[in-house]
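Only one chain is included here, represented as structure tokens and corresponding to the form predicted alone.
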């Protein structure tokens, strides 16, 4: 894209009254956390398809993540999953990350792969199994302490498949008891992010099925507990941007797990199915930041933007690059919404005018803007092209097909 293309874009936006200096500053401050498991082998319910060059340990996962950050400037932190990323010495993992220009992000406990958890973890009828699950959560708090992580990100597979299989109110009470014990173990700088999923692997009921249940627990626990919105974890047709707006207003939106889904499952590349939805989510976030309320701004500034994907058939690093760049693109488009235009149309009851003011921003080609921002940061104009030409994929091919799976 030529300098002339950016000059035309700049002229166009200035004519609309858009502050491009603010837009570029906001883009330069955007940070997106990538997940360690996104670089490893993963699969469908039927098979894990192993790829050549996939990391063989957590240290190599960070090396791959560093490539994404170096090319995009967007991804300085990496979420870890325990026990998938368990190591003997977390100070070594932290030092390795820092040597690559990275930090360790959210710590994600795993309460869905042990044999004992077939009928539940923190909601199991057996107190000994509930104790094991809580001890694992407390272990993850300690790992966060050792790695300098701020967030404990909780997703539970607990639920039932048939009526009568479990006592729903008892399970609710057991979950709260577990959360309360973990919450008390947090350092003042830490947060508990509570994720939800309305079904799968449970099909009759899921103990944490929606944002309202997650919000209820977060409200009872205190200010260090917030809701984590996974964009792939909703019934068809759910208005996710409405949920986002409500949680911001309640100061309970802690973060996102970005991915896409078409029918039931999630974990597809962000923005690959419904990019307009992603754009509208960022619209609500940026609107809250623009309205001058300190509480709203504090909430928005603390949001953790995280990718949560399992790339089953795609090459790992290019797939992660595509997700990250898709997020950046929709974030940039949302920054071009003229909030005063929208407000004026709303006040006049101009339905189509308000909708047009939002949609018009989505329809802009922000490629010249993103090229300009990357060049100012000393980054490749086209990170995907730069990766494909870097030779990194050829170098890591020496790892063979012995990479870790989850």
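Only a predicted model underlies this, so the values are computations on that prediction, with no experimental measurement involved. Numbering follows the first chain given and starts at 1.
This protein has a second form, the form predicted in complex with a small molecule, left out of what is shown; the following refers to that one.
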item: Close approach of residue 265 to the small molecule in the model of the complex, 4.5 Å, heavy atom; value: yes
item: Non-hydrogen atom contact residue 158 with the small molecule in the model of the complex at 4.5 angstroms; value: no
item: Touches the small molecule in the model of the complex: residue 151 (any heavy atom, 4.5 Å); value: no
item: Partner proximity in the model of the complex: residue 207 to the small molecule, non-hydrogen atom cutoff 4.5 Å; value: no
item: Residue among 183, 117, 217, 84 with a heavy atom within 4.5 Å of the small molecule in the model of the complex; value: 84
item: Heavy atom within 4.5 Å of the small molecule in the model of the complex - residue from 257, 333, 316, 191; value: 257
item: Interface segment, criterion being heavy atoms within 4.5 Å of the small molecule in the model of the complex, picked from 191-199, 174-182, 284-292, 143-151; value: 191-199
item: 4.5 Å heavy atom contact with the small molecule in the model of the complex for all of 22, 371 and 375; value: no
